[in-house]
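So this first bit is one chain, no partners, the form predicted alone, shown in structure tokens.
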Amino acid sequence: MADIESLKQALAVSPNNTPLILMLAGAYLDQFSLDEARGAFEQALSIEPNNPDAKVGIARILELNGKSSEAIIRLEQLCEEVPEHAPAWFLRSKLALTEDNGPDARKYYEQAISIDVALVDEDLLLRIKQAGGEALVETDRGKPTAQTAEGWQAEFESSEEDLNDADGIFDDLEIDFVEKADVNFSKVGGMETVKEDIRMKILYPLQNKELFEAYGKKAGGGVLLYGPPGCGKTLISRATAGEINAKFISVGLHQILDMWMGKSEEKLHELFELARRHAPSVLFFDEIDALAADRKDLRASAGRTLINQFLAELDGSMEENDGVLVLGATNVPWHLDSAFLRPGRFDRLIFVPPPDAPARVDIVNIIAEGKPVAGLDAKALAKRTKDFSGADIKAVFDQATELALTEAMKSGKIVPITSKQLAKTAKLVKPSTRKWFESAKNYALYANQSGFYDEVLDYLGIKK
């Protein structure tokens, strides 16, 4: 790992040395000092506005901060501007994989290694294959799609006509799969409080439709998941769909926004129509604050029009949205337009805190899988990583891996990652969730007349 103080001293002598600035940014990133790393990358861009390494660095920071949709948009633009920059394609592949988009992940991965064979990553390729990117074949539309052993077609119960109509929407909106969710609560470690909250607010009403209809209420509606970035909001949403055997449609910001006037609203309407045709379904909007921002903060009329369209879709007649569960995930619920939080829209809020001890044990075991780790004590490491998000725990492993690699390069043979190294790096990594709680605490204490954020205060042990 590069020494930060040495790099600062070198930059004091040569302040406009872009390679040195990028090395400093990388050193900050290795220590998971995201704000400092972004500042260094932006400093490099102030000197070289088109530096692709700095742009990839900022995209990586956005991903770690839970802003994957913005990272994807930036990488799409970078790949168009500098198509020969392999790291951009490689990171784009990883982000596609996090959205369960196996075919695109495979396509971007192959593009990256065709430019730079040193980026070959067998572990990443294996995960891409498991996500449905086994092979790419040409369809009659001329667009690549996934060819897997099981075949996604078996997952659908709709008629062939409906599927053909849906396929057209998938292509237009770059949505690759509408599937029965492949996980349920049994495959999500820990988070028992969140699971029970979801059962009470979502699952029981959907599983007892007749009882609710007797009281004049319909299944479906909107639920907002909020909490620090990297804490499993997307995973728990997919598991919710699995619990009710519903199709899961995951929507990112980049799949909605369009440069042409009125096109974004049209895409949003198509998505809701798709969910209605395939009910019961779960329509999941990641980073929903970008689509449902407070209209007082928007100067452009296009943004206001999109929000109005979103509200209109949520307010569709009871028959239209019956059986459609709309889930939104955000790190900043206080930035949403208040109109979204009124009864009948996103009126049910669920706080998703940092992973608890059982969940951290599962995360540790998953990250350790396939790595040369000696004597791993997952429970002990979980105790040392209280308040850590999944991304924070990955940073612990990344730094420990670098320590082991340093020794491996000296000896010329594989040196295992030890529990001692993991314990050491766990002390160096600071939980990224703490910064989120600093902001959330202020909103929960001073802008919480409705009681929306009482769960945050309960988690922090603060009495109103």
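Everything quoted here is computed from the prediction, not taken from an experiment. Don't overthink the numbering: it's just position in the shown sequence, from 1.
Not pictured, yet referred to below: the form predicted together with a small molecule.
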Worksheet entry | Gly222, Pro333, Pro103, Pro229 - the one with a heavy atom within 4.5 Å of the small molecule in the predicted complex | Pro229
Worksheet, complete the sentence: Heavy atom within 4.5 Å of the small molecule in the predicted complex, from candidates Glu265, Glu99, Glu313, Asp286, belongs to Asp286
Discussion item. I'd like to check something about Lys383: if you look in the predicted complex, is any of its heavy atoms closer than or equal to 4.5 Å to a heavy atom of the small molecule?
Written reply: no
Practice prompt. Tell me, yes or no, whether Lys187 is in contact with the small molecule in the predicted complex, where a contact means a heavy atom of each within 4.5 Å.
Written response: yes
Discussion item. Can you tell me whether Ile73 touches the small molecule? I mean in the predicted complex, with a 4.5 angstroms heavy atom cut-off.
Written reply: no
Practice prompt. Consider Gly390 of the chain shown here, and say whether it contacts the small molecule in the predicted complex, taking contact as heavy atoms within 4.5 Å.
Written response: yes
Worksheet item: For the chain seen here without its partner, which of 202-210, 106-114, 374-382, 231-239 has a heavy atom within 4.5 Å of the small molecule in the predicted complex?
Response: 231-239
Discussion item. Contact check in the predicted complex: Leu34, Ile58 and Lys435 versus the small molecule, with a cutoff of 4.5 Å between any heavy atoms. Do all three pass?
Written reply: no
